[in-house]
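First, one chain by itself in structure tokens, the form predicted alone.
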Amino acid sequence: MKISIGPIQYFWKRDWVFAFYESLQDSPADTIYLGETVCSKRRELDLGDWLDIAGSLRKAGKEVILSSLSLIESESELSSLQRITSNADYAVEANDMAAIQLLSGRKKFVIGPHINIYNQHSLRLLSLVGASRWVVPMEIGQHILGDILQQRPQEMQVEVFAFGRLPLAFSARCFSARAHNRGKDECGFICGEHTDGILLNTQDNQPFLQINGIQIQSAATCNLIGHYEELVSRGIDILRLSPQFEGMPEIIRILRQVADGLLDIPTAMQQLLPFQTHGSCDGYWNGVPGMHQSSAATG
């Protein structure tokens, strides 16, 4: 089983981003996804910076994939997308159908988790135009996934979001700006002051969601490591870990040891507890509401 590190979903300072990816050079992660997927206003790094980071990671032996925006709203965003998809050196994770249109028939690409693929027919269609890897949408459970994988296209790799706050929705509005009584155009990049987003509680003061710019995430951390044997038996090729500000080196180490058979799952689940600030969830995998957690999610 390979391990991937998904794109950073938060707006971190430039120096923090470079330091984060430098720390991954010697990590046991196999694949690194790079790029801004949430908000095009976040311009701490430009494409040249991402390509510099990509070059360093490739020299360290990592597979590098450039990720595209999940919501295209303007001509400038489309122009930026065209520059990403036309790069000659790295594969692209398409998170919007515009990216798929630009990539179709030109180069191999990854179907990102925000593309609505829910059956084998859609998956086969995209494989015919160049898709070589599918990152499964978070809401697809193991039983539906099992049916799809029985007829998956030959050589199609399958990647599952296995650890991190679930990216649930995107909006043209900015939730972080609204939480601070600001308009989207006058946001002042307030999301950059919250390294892992802003917690939104229920009226009963229970953690519910995480606000991250125009994105809404789960407050609980999706953790499918308790289902590792099921993931293997389903034929999953890659486990995706989503970056968070604290603990990533340790999280990667734990997952790598599980995949290599060096750490039993109950022990791994206990070791992961400190990195799940608002609890864990695995509901979608079990075909129930995503925020639910089974005994496998708690260890």
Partner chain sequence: MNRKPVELICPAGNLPALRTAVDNGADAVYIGFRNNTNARNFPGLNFSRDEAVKGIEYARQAGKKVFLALNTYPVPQRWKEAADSIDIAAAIGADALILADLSLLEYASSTYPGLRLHLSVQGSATNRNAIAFYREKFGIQRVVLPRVLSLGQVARLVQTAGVEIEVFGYGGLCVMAEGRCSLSSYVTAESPNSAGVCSPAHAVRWQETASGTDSYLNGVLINTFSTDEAASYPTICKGRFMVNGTIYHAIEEPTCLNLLEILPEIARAGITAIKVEGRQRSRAYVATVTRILRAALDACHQDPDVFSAKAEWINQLNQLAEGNCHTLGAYHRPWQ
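Computed from a predicted model, the values in this text were never measured in an experiment. Numbering follows the first chain given and starts at 1.
What follows is about the form predicted together with its partner chain, which we do not show.
- Here is the short version: of I84, I225, I100, A91, the single residue with a heavy atom within 4.5 Å of its partner chain in the predicted complex is I100.
- Residues of just one listed stretch (27-35, 229-237, 244-252, 66-74) have heavy atoms within 4.5 Å of its partner chain in the predicted complex: 66-74.
- Using a 4.5 Å cutoff between non-hydrogen atoms, S104 counts as a contact of its partner chain in the predicted complex.
- For the chain shown alone, K108 is not a contact residue for its partner chain in the predicted complex, no non-hydrogen atom being within 4.5 angstroms.
- Taking the partner from the other structure, its partner chain in the predicted complex has a heavy atom within 4.5 Å of a heavy atom of F170.
- Under a 4.5 angstroms non-hydrogen atom cutoff, its partner chain in the predicted complex has F208 among its neighbouring residues.
- Three-residue candidate spot K13, W16 and R133; no residue lies within 4.5 angstroms of its partner chain in the predicted complex by any non-hydrogen atom.
- In the predicted complex, its partner chain lies within 4.5 angstroms of at least one heavy atom of each of the following residues of 116-134: N116, I117, Y118, N119, Q120, H121, S122, R124, L125, L126, V129, in sequence order.
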